[in-house]
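Starting off, we have a lone chain in the form predicted on its own, written out as structure tokens.
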């Protein structure tokens, strides 16, 4: 129980824990201290704006309230009861507004602006300034995503503090001094950070605005719909801003245990893909002259015919981006009705991790964090990367065990490394056993990652320690719930048929997967459910239009195992998947509701203990831990390919800012992975290669030209290439100067 201190704020006595900031203490007393620069998520307050001036009994001068800590016996008077504090706040606002343009009617922040609100409440009624205001060129493109209007900037430094203290990219700076201080990017380069969009929301005025939302809508003509981001498995809470039936922007919606109000640029800026030029809005069927648009009745007739003729020789490939309800309904149709026997399921998190469940926010409170896996955390679950950085700032030791980590582990060696940690005498393992607040994170390819990290947590005795936990970062946003819903849909044998009569592909990620493409070449017929024509137009026999996450009702489960509610923000340009699945299932005498709530109610009986959608709420709770159940034994790891002295093993990675949705947003092009290959300093020196050199990457007769990047932290013998640039390369490559 923390020590309490008693203080008086505007004649109201309140008790708060010691070390509580004065702003929070005043709120506990029901008193607001107005602020601009103060934002608890950005670290220690800096008192830059002086809007929070208060009078403290016993101190002659006004004090910046945000920089003070509540002390026992302190007597505080704000502008509400102190004429001195009121005069100070009015003078502060008058000074801020000296050069601030009065363009509220055309400013994107107008109607949602703290400066506007506080000026009406605390500012002078009229100006005394008659000289011309300072003006600057505008808008200045901070990046293709963000525009800067320096005339509006009040130098609160929220944006630069986020860049330096939270994202830790150091790309947004304040340059010059005094009256010439201004916000800029480092060396005037574009602000290229996967978290850059957060500064738009942090800005308390209209200085930093979204170039995609600029002049697009006004606060009084929009609706805000609370939902969940499905850009990765983190499941950040977001709000979709809607105007005239179209998504205009995405804002964060603070869930303190998941995202703390931060959002990556993939989640914030990919919404324009809903209006992509190759968006499919009607079914397409292949005929003698190629694909042609058909009616829904014709499409369902064709699908029924294909499925009946297949006689069970059907394989279904799921993306892991489906809602839990869509996955369950597809399973009811294809496993229970048609009799399909096999599925390609997305990478899912092991149920064994339920014994070590913690909220993501627990990472920031850990004393020791061990990250295992080939992929950087920021590429799989970017908000988890922010939690790791906060843990470091709080004094935690973060040990990265990867090809580029503090402990170098060769690609594919993470499972063996975990076994080594659990072995007796391992120094790192012993420290994990002794820690009361330790966290394990698996961030690597391979379907068994969740099980392996759960086994390690069990060996270290984490289930007995409420402050210790383990996380698996899967590639897909809802893979765990999709796999569980598919399994719960029917009792069926999952034997892969010798020949594939029909391949059913669900979602863009599955359609873009090279492994699924290989199955499509073996299949006699292919049915694809997708949003985009260009992905599958060359090889699908029947294309059924899909909806996006912002067009769906349903549920999704994040990497913590937290079930969250998706809410439809806009109407889709085609029927919802559940609508046509329901109609098609009826032809096979299977009853499936076309409504997500009804499907969830049926599914909930099997998986969620009769939980209802309404009970999930706006901010879903984290389920409690369960008893540990050992996962299935690990599959034999793939053998390391043989390679000669001059060859390198290819390591593919899936970049966060990539994928079908990202490819359809022009403003995100600068964030996509470069056409480059990463090699170690040793391998570069042996080949006479320097960073920036054009090189040829060759394998089995295939050759592509990329730019070299020497990574001094990369383990030797590896060539690391983004998936989208390594499509035709094999497991072993040569890298030579072009």
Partner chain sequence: MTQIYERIQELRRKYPQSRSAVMDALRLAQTEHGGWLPPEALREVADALDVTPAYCHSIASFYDMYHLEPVGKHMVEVCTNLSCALAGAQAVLDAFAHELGVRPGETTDDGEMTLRAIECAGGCGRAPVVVVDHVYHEPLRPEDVPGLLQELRGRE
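Being a predicted model, the structure only gives us computed values, none of them experimental. Residue numbers count along the first chain shown, from 1.
The next section is about a form of this same protein that is not shown, the form predicted in complex with its partner chain.
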item	value
Contact residue in the predicted bound form, from 588, 186, 539, 296 (heavy atom within 4.5 Å of its partner chain)	186
Position in contact with its partner chain when the complex is considered in the predicted bound form, options 170, 101, 623, 466, heavy atoms within 4.5 Å	170
Options 451-459, 229-237, 162-170, 373-381; stretch whose heavy atom lies within 4.5 Å of its partner chain in the predicted bound form	162-170
Touches its partner chain in the predicted bound form: residue 177 (any heavy atom, 4.5 Å)	yes
